[in-house]
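Same chain, two forms, each on its own as structure tokens: structure 1, then structure 2.
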Structure 1
């Protein structure tokens, strides 16, 4: 396990080992869709100018910088600038409304807010109420922040920081209550980046096709940090665009994405083995991938997608192996230096291999706690360092971890526990079904009962009675969905996760009049 900090003579370990090691490096770092590129040196010059601008505003180490802007090289450079200036980077989903932003800015006590110029009028009153400064950054790199930065020197002496100092604050989705700010330290981010770069065999020869957002762990602290740790380059796309992905993939060696990326690629006949012959690795995460997608992808390209598991509070926790079987439906093994155990949700006691229970994890990747929420921290972060993830899972006979679902998605019907994933696996295999989601809804007799939501394959009308009969043959009676409903698509968040809370709100009264 890496140990680092001031005692090793490093002024700022996260900056030194991810960014600073590339100072003066003239090889491409960010390749843009229009053919332009920024070298590592160009990028670090930009970051240094921004760091000088931020400190020139009076921002001090530990201050929070809230950033809600479109993806761009300049947006990524704000992250690098915050790291070297000792500021806490707070990226915010570009889909958040002004009302939602009010909570994040107020809760975090942000000293600076950076937003698109079009949103500045709406956010100015929030900034003033918080006594925070407001600057703008647009998708094309224009705005007040970069005007300030371009007047600064392209050199900045990194502020001394230790391994336990905060580097970032990421807010959870908040689907079951107030969003919680996960406090991520320098050690959390750096240990994860270096471990993954080594585990996934990234080198300075790699070119990552990057179409993920950078306000989330996946696109920022996994994809970007792994490339920085290895010294490689990124084809830096503003968002997923199918035509651009197909055009640029022959120039890449690796890709990280959510399952939707892969299903959209498979939906285009232009995507084939010739297009992927230069690729060495496809990685998927942020949401479960259907086994069918794994198999179709392997048949089409000859590549097995590597699925891994992580969350806001833990960065990455497990991964399927680089060498060896990448098992569909599994998220692999704990990362080196990371522990994973399955426990009884009621008492925290460990469960035998194969049994379903709560996933808990401990390691250098696990966050420090929730910002300004000591009670929630105590509820979910044990004194011995194990974090209660809220995810249910099991470990199979070969040691692979399988995610069954979120604890809050567990259905208790007539006193029996029903795990939605078990039903979804059966429903996904039915003729004419593209994908499914199973939720628990109130029922007058059973307390809760399963409801199946199906998305049909294009141009197909699934035979619902036949599907129900098939489920009844394969699963115990108490697990049978009381009803199946067809939807054109499942509601998802920006990272591709199905929003079951939205489905429960919409269909929660299906059986209340039974």
Structure 2
């Protein structure tokens, strides 16, 4: 049973417990790079004005609000406004192309699209096609949405919501190349935020150095919700910028990042234990961190990075301990209230401790299914509530979970997921290309990066720059193959399946050999 709900007298548990409890508080919440700051009260005033603007447009509880904007206090306030007004927040990667956005907007049936003014000409026809409204918000906080909001009152009575009401829809790509909207309820987000804040000992004295994007679980729910649940502050940077990180780290107590953040910090000689004196906690996740990075970091700063594991569908699932050994190469123990089991990928039967199998998880953190995709939901979410993660792992003798591979064809580059299938579908369509295979290979900065292997049609030599230009037009920049390689034929097993492991062995050192 969840601990939240209307019967506890909460009108809107997620709003009340994360945001509403800070109403009127004059302590800093968001510190910006230029020294300006917003107090909790400033932020909540802004959120209330936006909530009034949104409901004034006729948006009703349950409506989806698709938001593709640069990171800013205003962007974060849209999230708070949606929670307050009972709207479903749908954040989108700023790198997505118009083609990619069309799918998300159409699939979600969004009632409002908020985008940068630069994108509004492209998105207006898409909005009109489904009677959605379009407003703009630019990186500097200007745009039509804030113009409307400034004319509104800075107070808003939260719309009543229950624990099972949807709070957010986050799209995550699939192995078939089609993205799925993960439905997250108030209870999913709130249970995880409160559990993590306690486990990681966040308090109102914490200042989190926040350089992650806020369109994904890591930067939005893990980082922001944990700070909100504990009443601390964030140094809120628009993106990861090494010089800014080094300058501001002495003012922070904690940081959350993907492994690329840590390798970039370690790659700079200015990063040393003087800069981390005030820090109490470094957390990493979204992609595997090499044991070598853990060790180098500890040697340079005296701090052991705390690695945790999660997914868009499950929020956070496991974490290394706050006290006790933080084991390199492991993602720790299941969070309180969360179950993890290792099963045989072929039949779902539980495996004995120590064996490698599929990681499955159940708990208040686990999502409700994929938006309007009951078959996909049934494939991955069992009736007994266990979610099949697609990650392969084993639990060691001390109970630490180790992720040893992926049962899904997925590449994680700098913390962003890339599904090879989506790229292959684009590459296969190109002139002169008979077929393609996309593999993830090690990359010193991004951890992994996609490499495209193309088999030309007989007697044809495909024009690689033209192919790359076509990929560029259709897919977000972070998904682009860093290199295309021509090969006469793809290695296949006796069943005719492409042997990607053979390709990875052959081309695995394209970016790591000197």
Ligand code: AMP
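Positions refer to the first chain, counted from 1. Definition used throughout: the rigid core is the maximal C-alpha set that superposes within 1.5 Å between two forms. None of these values were measured; they are calculated from a predicted model.
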| query | finding |
| --- | --- |
| Of structures 1 and 2, the form predicted together with the named molecule | 2 |
| Rigid part of residue 404 equals that of residue 385 between structures 1 and 2 | yes |
| Rotation (degrees) of the smaller of two rigid parts between structures 1 and 2, from C-alpha fits | 159 |
| Shift in Å of the C-alpha at residue 409 between structures 1 and 2 after core superposition | 4.4 |
